[in-house]
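The data below hold one chain only, encoded as structure tokens and taken in the form predicted on its own.
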Amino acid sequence: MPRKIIIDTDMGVDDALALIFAAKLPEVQIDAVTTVSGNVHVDQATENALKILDVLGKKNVLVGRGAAKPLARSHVHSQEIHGRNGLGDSGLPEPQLRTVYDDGVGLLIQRVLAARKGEVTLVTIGPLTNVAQAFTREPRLADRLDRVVIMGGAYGLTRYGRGGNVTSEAEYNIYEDPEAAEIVFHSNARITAVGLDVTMNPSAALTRQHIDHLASKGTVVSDVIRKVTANMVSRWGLVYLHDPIAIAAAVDKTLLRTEKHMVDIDVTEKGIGRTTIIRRDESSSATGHEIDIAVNIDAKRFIDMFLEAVASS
């Protein structure tokens, strides 16, 4: 039976690749997509989600428009990376008309409570604003989920996670709404954090050669992947698959090696968005909620899994 997942996304380039990847995996059923301001404003993120779902022929996936701004801060976009429209300015056709739920947080709550306990995995690939609001509005929610797979953070547990990608210490999804991250990380949800410690591993990135291989398939999806990644490949020669790795982690736990740690989310102006491991030792009385943090990835097996899925007809 397919694993039921809800994807919470700010719909940039790697978000689009993650949505395509999830839709192409036979072991996944996308129950809903909720959008949030992050890489682009939530209205653009919602339009982008609809565009990708149209390409995939997924007309029945529920889509909810979520938070327009962080809990306590102004929205800081990432259009210099993802393009003005978040999809690499790729010019994908406008989405066909469909119902979009204006209360994305409410949709998230409704879909989790409608399922059996532990039936739904929530994969968050944007700032955690929607999830924090959902956990606050409905305290039962965190425990109802199988787990929450979070693409976010830089934990310093590998050489790739010793720096951030928006400041010297902070990863973007946590930086954009650290107050929301603090609520989610300190909830009773079962959390797997997929941070820069594994997603910045170049062996797990999509290269020009990979994209050329996909383009040779001549499918609609491969053409979309080529278009949305073109600017990134032109600038850097590869596309880091931050968000698809989170999808993979939700589907196959054996792809990643994790360690259990407590994490402090910095909400101060000086260190905003920094994710700091709280070390337990004989002199420490630290208590808190431990989460699973990814520290290694079977990069070849992941890339093979991604390419096989998105190339399928």
Ligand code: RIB
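These numbers were taken from a predicted model, which means no experiment stands behind them. Counting begins at 1, following the sequence as shown.
The same protein also has a form predicted in complex with this ligand, omitted here; what follows describes it.
**Student:** From the candidate stretches 92 to 100, 213 to 221, 167 to 175, 107 to 115, select the single one in contact with this ligand in the predicted complex, where contact means a heavy atom within 4.5 Å.
**Tutor:** Looking at the other structure, the answer is 167 to 175.
**Student:** With this ligand left out of view, which of 87, 180, 196, 123 would have a heavy atom within 4.5 Å of it in the predicted complex?
**Tutor:** Going through each option in turn, the one that passes is 196.
**Student:** According to a 4.5 angstroms non-hydrogen atom cut-off, is residue 184 in contact with this ligand in the predicted complex?
**Tutor:** Heavy-atom contact with this ligand at 4.5 Å: absent for residue 184.
**Student:** Does residue 46 make contact with this ligand in the predicted complex, using a 4.5 Å heavy atom cut-off?
**Tutor:** Residue-level check for residue 46: no, no contact with this ligand.
**Student:** Does any heavy atom of residue 225 come within 4.5 Å of a heavy atom of this ligand in the predicted complex?
**Tutor:** Flag for residue 225 set to no.
**Student:** Using heavy atoms and a 4.5 Å limit, would one call residue 275 a contact residue for this ligand in the predicted complex?
**Tutor:** Taking the distances in the predicted complex, the answer for residue 275 is no, it never comes within 4.5 Å of this ligand.
**Student:** With this ligand taken in the predicted complex, which residues across 236 to 274 come within 4.5 angstroms through any non-hydrogen atom?
**Tutor:** The stretch 236 to 274, when checked against this ligand in the predicted complex, contributes 242, 243 at the 4.5 Å heavy-atom cut-off.
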